[in-house]
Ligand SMILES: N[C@@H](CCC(=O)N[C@@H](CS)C(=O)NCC(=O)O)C(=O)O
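In the form predicted on its own, a lone chain appears below as structure tokens.
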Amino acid sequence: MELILYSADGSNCSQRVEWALRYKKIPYKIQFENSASIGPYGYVPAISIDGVVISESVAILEFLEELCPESTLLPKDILERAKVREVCEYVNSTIHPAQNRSILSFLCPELIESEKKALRAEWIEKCLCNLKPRLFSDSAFAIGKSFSVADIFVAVIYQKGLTHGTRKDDNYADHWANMSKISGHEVVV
């Protein structure tokens, strides 16, 4: 099986997929592309499995979970799985869209890049503040006592916030450091 991850510089959705691939120890090649040339929607991430393209990070992560269930990214407990999915949904549908470059350019074309960056930082910080009481209650993991896809979503959006100017938060910074080691995606911020 040949797996290629199509990515673009700065794509936090692609980073989610890369974390999962590393955690699951699935061999892959990464190819940086003009996002308009990949997948049916013109965005990255996308993966190619023996020539078949799958796009959208959540769909890709679900595929990888089914492909390699032994290194699971979802808890066994049904309520804990629901909490993990809740966190992922909040990050994916609430935090992520408003900080997305193409959405901001469409909704606020009058803003210059520095204004967009400040707006992104403010939005991510506000949303992470709202999310924080739901996290880290049982352990250093986002939800429960083991690494999950929620850890990937939380760590990656926090890191994205820092690149836009979100203030450092000790809980999220500690989480980032721990989770990046576990996933094999060590990055110092």
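Start at 1 with the first residue shown and count on from there. Keep in mind the model is a prediction, meaning the values are calculated, not measured.
What follows is about the form predicted together with the ligand, which we do not show.
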- Item | Contact stretch among 66-74, 22-30, 43-51, 138-146 - heavy atom within 4.5 Å of the ligand in the model of the complex | 43-51
- Decide whether residue 180 counts as a contact residue for the ligand in the model of the complex under a heavy atom distance cut-off of 4.5 Å. no
- Message: Whether residue 96 contacts the ligand in the model of the complex should be assessed with a 4.5 Å heavy atom distance threshold; does it?
- Response: yes
- Is residue 125 one of the residues lying within 4.5 Å of the ligand in the model of the complex, judged by heavy atom distances? no
- Taking heavy atoms and a 4.5 Å cut-off, does residue 12 contact the ligand in the model of the complex? yes
- Item | Any residue of 102-123 that, in the model of the complex, places a heavy atom within 4.5 Å of the ligand | 102
